[in-house]
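Taking the form predicted on its own, here's one chain by itself in structure tokens.
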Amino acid sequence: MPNSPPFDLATLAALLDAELVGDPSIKINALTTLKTASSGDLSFYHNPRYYSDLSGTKASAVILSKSQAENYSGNKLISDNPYICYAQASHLFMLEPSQEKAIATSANIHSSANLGNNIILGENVVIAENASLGNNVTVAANTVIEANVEIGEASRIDSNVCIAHGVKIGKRAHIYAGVVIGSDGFGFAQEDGKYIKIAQLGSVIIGDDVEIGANTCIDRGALDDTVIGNGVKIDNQVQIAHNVDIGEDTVICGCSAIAGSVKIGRNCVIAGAVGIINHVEIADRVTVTAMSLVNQSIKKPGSYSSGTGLSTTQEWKRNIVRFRQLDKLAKRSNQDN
């Protein structure tokens, strides 16, 4: 079977474990949306709000569920879960930039570093003393891997990443550009109005199959380690403070900030721009909606929100005035009762 496009539809059906209805010989060159698709494209349908796009699409084939297949007369790949099938298909059409299977001559590798087989190191990569890279690890240009770092096999570290001393990263990780892992946590003690720095003696432990988005920062622990569980997915520009513990398969979306010693359970979703104060604990299977402030522990699974919904500025100002009066109104009501 070919490993790059174009694919015939029969090959795609086999690769995606989908039921084919239609012409098995038709050639598929790209994966696109229903609305923008043209001849030679594959698309997918899973959300009823895009039904009009399905009826008008020019795609040569569409991934959809058995229950929706009767609503589309064209070539189709039928799947129990069209969105998962689309996710799998996306990898078949992904074009990776070509990269030499080699170690750049400008890479600076300490003599005590331990490199596995099939390592790729880009220009100006620094590998410090006693660092260990498993087999099939790729490190892109200008990345610094400090002393005693361990990186598991088949992990990919993009350009301009800094991984500080003693950090441990599991297998098949993908660390995107500009990430900093293992910088000092923000720890200070106050005496007579002055701040005394607390040495950050812990590290960062990252599990298998973790993705960390561009320009995210993960601080090392003060005493114990900061821990990121297996399968965690972290978006761009997220701040994770010292001693945070994130459970397996949790998703954290862009621009969220998690303060020190927070514990987040498994299979949680922390949406964009969420703030979580220090020492909060969040149970498994919790969703926190966008721009919420979590200022107390969440002990039961479910969806949680804070803040006020969008309104015009004029309405918002009136509502804020009333909000400030709530305490007085509550006291007056209690007196009246």
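Just so we're clear, the structure is a prediction, and the values are computed from it rather than from any experiment. So that there is no doubt, residue numbering starts at 1 and follows the sequence shown.
Another form, the form predicted in complex with another copy of the chain, is not on view; read the next lines as being about it.
Engineer: Which of these stretches, 188 to 196, 70 to 78, 113 to 121, 131 to 139, has heavy atoms within 4.5 Å of another copy of the chain in the predicted bound form?
Structural biologist: The contacting stretch here is 188 to 196.
Engineer: Hey, with another copy of the chain in the predicted bound form, do S25, Y45 and S155 all fall inside the 4.5 Å heavy atom range?
Structural biologist: Result no, not one residue of the spot touches another copy of the chain.
Engineer: Report yes if any heavy atom of S203 sits within 4.5 Å of a heavy atom of another copy of the chain in the predicted bound form; otherwise report no.
Structural biologist: The answer is no: S203 has no heavy atom within 4.5 Å of another copy of the chain.
Engineer: Are any of the heavy atoms in S39 no more than 4.5 Å from a heavy atom of another copy of the chain in the predicted bound form?
Structural biologist: Because no heavy atom of S39 falls inside 4.5 Å of another copy of the chain in the predicted bound form, the answer is no.
Engineer: Quick one: is I298 in contact with another copy of the chain in the predicted bound form, heavy atoms, 4.5 Å cut-off?
Structural biologist: Yes - in the predicted bound form, heavy atoms of I298 and another copy of the chain come within 4.5 Å of each other.
Engineer: Does G56 reach another copy of the chain in the predicted bound form, with heavy atoms at most 4.5 Å apart?
Structural biologist: Flag for G56 set to no.
Engineer: Check each residue of 113 to 152 against another copy of the chain in the predicted bound form and list those with a heavy atom within 4.5 Å, in sequence order.
Structural biologist: Counting only heavy atoms within 4.5 Å of another copy of the chain in the predicted bound form, the contacting residues of 113 to 152 are E123, N124, V126, E129, A141, N142, T143, V144, E146, A147, N148.
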